[in-house]
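Next up: just one chain, as structure tokens, the form predicted alone.
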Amino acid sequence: MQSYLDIENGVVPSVCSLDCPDQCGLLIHKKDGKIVKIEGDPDHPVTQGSICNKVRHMTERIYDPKRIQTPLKRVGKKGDGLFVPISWSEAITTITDHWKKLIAEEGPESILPYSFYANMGKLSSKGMDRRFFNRLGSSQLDRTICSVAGEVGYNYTMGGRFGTDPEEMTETKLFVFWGINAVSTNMHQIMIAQKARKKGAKIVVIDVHKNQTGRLADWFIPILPGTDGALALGIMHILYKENLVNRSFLEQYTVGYEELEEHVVQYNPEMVSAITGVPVEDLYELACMYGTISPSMIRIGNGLQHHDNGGMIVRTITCLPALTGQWAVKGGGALKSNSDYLTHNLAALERPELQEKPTRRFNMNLLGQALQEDLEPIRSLYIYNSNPAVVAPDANKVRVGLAREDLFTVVHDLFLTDTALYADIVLPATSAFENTDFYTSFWHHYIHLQEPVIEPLDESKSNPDVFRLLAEAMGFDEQAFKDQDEEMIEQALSELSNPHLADVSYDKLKTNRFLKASHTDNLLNRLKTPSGKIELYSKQMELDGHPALPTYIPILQDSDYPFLYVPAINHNFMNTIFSNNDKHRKLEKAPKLFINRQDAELRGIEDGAAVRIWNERGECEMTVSIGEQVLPGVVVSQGFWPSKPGEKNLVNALTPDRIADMGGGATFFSGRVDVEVLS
């Protein structure tokens, strides 16, 4: 088969690499060997040729003149961004000489990798890098910043990351988007719902902010942050009281439904309304709608789990489809993640046996704290696929740590991000279109192969290639560090314990580009909970120190500041990806703070005014937007904006670095602030 690299002029297939559930099939247009246009692949069964503006304008990011062209060495003060070009040989020697010295003097655990999923490719995010740091014996990172709290909560109820198949949602009659701005983060889910609406389906959105998804809903329900679990329990109360539960389903497929019925008596509508801000009449209408319309599907969003009680919130909402028997109806149920349909041989990819002994672990949400440890301190960071100076909570604390002169920091990225400004060595990274990799969606059920479309630009290198160089320089001679990308993909897709990928192989992906996980039987017949059933009552939760039944636990009030603060996502960036590109910044315009009209009037704030938002952790300055987009007592901002001299827009300077109730997750949305007009 002809390599896509050999096609100078024409159209070649690809896949989107962004940390997005949709994972779109793409068509890449090339002219004279360069990418000139990106469009959706109409042959993809789920994404069907539609793509977002982020990807449509990706060529401007790939060929952005600000892209790093060569390895760089810092020559100025950390944070000032003064670097000089160096060769790859000098960069690798500098890094490994420093690490060899640290290992000899303080041990390998003085080194910490820090990464996440700026590139969702499996080789790019959890392949040769894991092998290298396992062999190095470095400290390890718990990558918990995004979805882990909700996944743990969901798994207590359902036993795994399995949900409704998007391709079956053509049958759905009620879509409940709960804590997800799907217009900006899951556009094809919206497209499916819109098509279903033309056939009579209803769209309900429950969120703290009437964002773009809320505005397109048939019914938007505003809610106070962190109270979603109480709302779900109030719905359960009414479902049981009004005899809207499916008792035959509960008897056959669940455990604990009788205990749950007794438990939710206490969550009466009046109490739930006082907690959530949802009027009693709306609570009744929502519960009756959910109890009578079938098939119904709840799309569970990431926003819910970024609270102190985030795991329990998701665990509680996940019980609702069982009460109405929606899991037995095509197009019914819930969807938090479908990742387990596409689970591959992770051990073969990461090679944990290369680690001689267990090492200490750091929660990535506590980076600021970790960098200030005096006892056995971290002396070196290797950062890739992430921009912690902007995305990590309590960001001012993180930046103080990054500014330590005794901290040797390496950043591998496409651009001089806020984090890279603190680096000692910066390495130029490839884009996904320059790599060989494979991708698995966490929403639909397709696995994709990515083959390079263009050669690496300038001197950029992929994550696997850099770690091969580092391994060679460190003297690691195991075969694991000589495996090429194609071999690693074959290893990841071999000896699979996942029956859904039984018919998937590297050779088949080479031919087909994407393949769907097979469905061998009904989800309800293979639940991996301890009981093998949907666990409304979870003995495992009790053993783990949580209430066995869904329970409302308020978020922590960490201060007396008057506003609950939610730093939400924006439409034209993917976290900080695209935020430094001129096209996307123009599309996004400027950071805003949304405040309720009642709160604005009390403080003498006019629409469009410049305001200061602050708490004990830091401060930001934004333009205010006044209206009914949020409830009184709540303020919401949108997006991560890179810092420029004189600007104060680092929203994570305000967010707590507490850990959520489950899985070590983040609590970005459980902080408090005050707001005033800038003088």
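Predicted, not measured: the structure shown is a model, and the values here were computed from it. Residue numbers run from 1 along the displayed sequence.
The same protein has a further form, the form predicted in complex with a small molecule, not shown here; the description that follows concerns it.
Partner-proximal stretch of 282-290, 208-216, 539-547, 522-530 relative to the small molecule in the predicted bound form, 4.5 angstroms, heavy atom: Answer to the contact question: 208-216.
Check whether residue 28 has any heavy atom within 4.5 Å of a heavy atom of the small molecule in the predicted bound form, and answer yes or no. No, residue 28 is distant from the partner.
Exercise: residue 413 in contact with the small molecule in the predicted bound form, heavy atom 4.5 Å: Flag for residue 413 set to yes.
Would you check, heavy atoms only and a 4.5 Å threshold, whether residue 640 touches the small molecule in the predicted bound form? Judged by the heavy-atom cut-off of 4.5 Å, residue 640 is in contact with the small molecule in the predicted bound form.
Non-hydrogen atom contact residue 622 with the small molecule in the predicted bound form at 4.5 angstroms: Result no; residue 622 lies far from the small molecule in the predicted bound form.
Between the options 71, 332, 256, 179, which residue brings a heavy atom to within 4.5 Å of the small molecule in the predicted bound form? The option sitting close enough to the partner is 179.
Exactly one residue in 113, 401, 303, 159 has a non-hydrogen atom within 4.5 Å of the small molecule in the predicted bound form; which is it? Contact with the small molecule in the predicted bound form is made by 303 alone.
Looking at the small molecule in the predicted bound form, is some heavy atom of each of 151, 316 and 493 within 4.5 Å of it? No, none of the three is in contact.
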